[in-house]
Structures are given as structure tokens and as C-alpha cells.
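Here you get one chain, nothing else, as C-alpha cells; it is the form predicted on its own.
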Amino acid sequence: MRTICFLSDFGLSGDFVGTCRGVIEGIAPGATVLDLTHHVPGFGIPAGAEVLEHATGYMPRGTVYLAVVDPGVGTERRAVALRTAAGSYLVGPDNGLLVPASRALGGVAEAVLLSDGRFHVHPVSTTFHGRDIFAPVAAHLAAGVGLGEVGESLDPGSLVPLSLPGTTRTGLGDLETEIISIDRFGNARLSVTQEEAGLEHGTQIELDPGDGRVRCSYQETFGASGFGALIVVPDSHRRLSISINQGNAARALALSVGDRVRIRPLDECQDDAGA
């Protein structure tokens, strides 16, 4: 029995997650279901894709990834399942959500359109394919059903692509990056990785989130700064985060997902950097 890793934007206040888990239990009793998160921002395909991609490095070999962030449910968007070169499966909507994780798992070796109703819950709702299509297919795959049995073959090259927000470096040495998510503590996670930034711990930097510049420092950890200090730190995904030690940076700086942020190391600034 394969492990199922379950990610969604359903939240936990309703019955969405519970009914999906009930469907899984009915098909693959005893299967281990790991709830990665159900607090992906609503309709946040890039945010969900980034979390799913990161998780692949920590899940058991052969895991079935059930991922549902599906603003196009009930439309012409396709329902798919993928087998990766690493031997894992990915099940979810064909909206780009699965693509970064598939790359992290060695690429797509086989893809199918989930067209065989024998593996769905009926009647199939037009608004809840997580329960009626994706969860049952994931459970069948976990229980040993072959990918070719659950639908018709699909060209992997036809999958909807997704490019996560990137980072550019200006001629002045500034980093142009984007806020990709904000966690429950108000840390604003940026698209730039620790390696791309190339900053030394303790470097003084200037942030420009679009409405003025603020100065802070790049630190290895929250506790390296004083209480209430504005800092930039590497998070658990090795991406930079704008944070306040024991505070809420997103609220203090009025930050939102999608905001562009410029980072300037002050030791590389020209004389008029503070102007």
C-alpha cells in the first residue's frame, strides 16, 4: 500500500478534507494519508505548486501525491494522473499545480486523463472533483491499480505548464523578487532562494516593497536580532523571508502575495543609496 500525501486549499473549517479522507479509507483501508497542508491560499496554484514541489524531498519513495487547488473545477480543464521517473504518482487538475513536483521527481514518465468513471465516486459533482475524482483515483493507485487502468493515455508535453515567480538581478546588484506566500506568522516568503541571493549573514540590506525603502539585516535565524526587529531570513524551503522577530512583517509593511520587492545589499550601494 502506497502512502498518500494530500495537499489542498480546502481549509479545515468545513467537511471537504474529511469526506476526501473517507473516500480514500473506503477504497484503500489502512492507507497512510499524510496531510501536507490544507491551507494553501484559496485558488493559489503557484503557492500550492511550490509547497508540493518542496515536499517531494521528504516523502517516502513511491508516494501518491493528491493535490487539489482547482479554481477551474467543472470547466474544460483536465483531470490527470502522472507517473514520475522516480516511481511516484501525482493526481490533480491539469492547471500547472503538479508540474514543478513532477520535475523534482525526475520528470513525467507517463500521463493519463482520468476518463474512466469506474474509478470515480458517483454522482460526480461539478464543484468537488477532489472528493469524486481525485481522491478515489489516488486511493486506487495507492492500493495497486495501474496508471493505465484509470484513464486514457495523454501526451506529457500537453500538460499545462507553470512557471513559479523568478528573480532577476539588476546592473546595480539589486535583486528583483516577488512575494509568493505569507504564512500565519506574517512572514512574507520571497521567490529568491538563499543560494540565488548570495548574501552573507549580518549583511545590511535595503528593502523596497513598492512604497518606500526600509533598512534591515539578513540574518541566519530570528533570534539573531532583537525583539521587534525587521529582518530577512532563509526559511525552511531555503527561500528568503521578510520577517519581524516575534512580530508580523506582512501587517507592519502592508505586504501582499504578488508584490514585487527589491533587495539592495547596502555594502554594494552607490553613494546615493540612502537618498
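Residue indices: 1-based, along the sequence shown. Definition used throughout: the rigid core is the maximal C-alpha set that superposes within 1.5 Å between two forms. Fair warning: this is a prediction, and the values are worked out from it, not measured in the lab.
Absent from the display: the form predicted in complex with another copy of the chain. The rest refers to it.
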| item | value |
| --- | --- |
| Candidate from Pro156, Pro165, Gly74, Gly106 lying within 4.5 Å of another copy of the chain in the predicted complex - any heavy atom | Gly74 |
| Heavy atom within 4.5 Å of another copy of the chain in the predicted complex - residue from Val145, Val124, Val160, Ala86 | Val124 |
| Every residue of Ser13, Gly30 and Asp35 near another copy of the chain in the predicted complex, heavy atom within 4.5 Å | yes |
| Distance check, Arg264 to another copy of the chain in the predicted complex, heavy atom within 4.5 Å | no |
| Close approach of Gly228 to another copy of the chain in the predicted complex, 4.5 Å, heavy atom | no |
| Contact of Ser256 with another copy of the chain in the predicted complex (heavy atom, 4.5 Å) | no |
| Interface membership of Asp235, another copy of the chain in the predicted complex, 4.5 Å heavy atom rule | yes |
| Core-aligned CA displacement of Gly62 at least 2 Å between the shown form and the other one | no |
| Per-residue C-alpha change between the shown form and the other one, Gly247, threshold 2 Å, rigid core fit | yes |
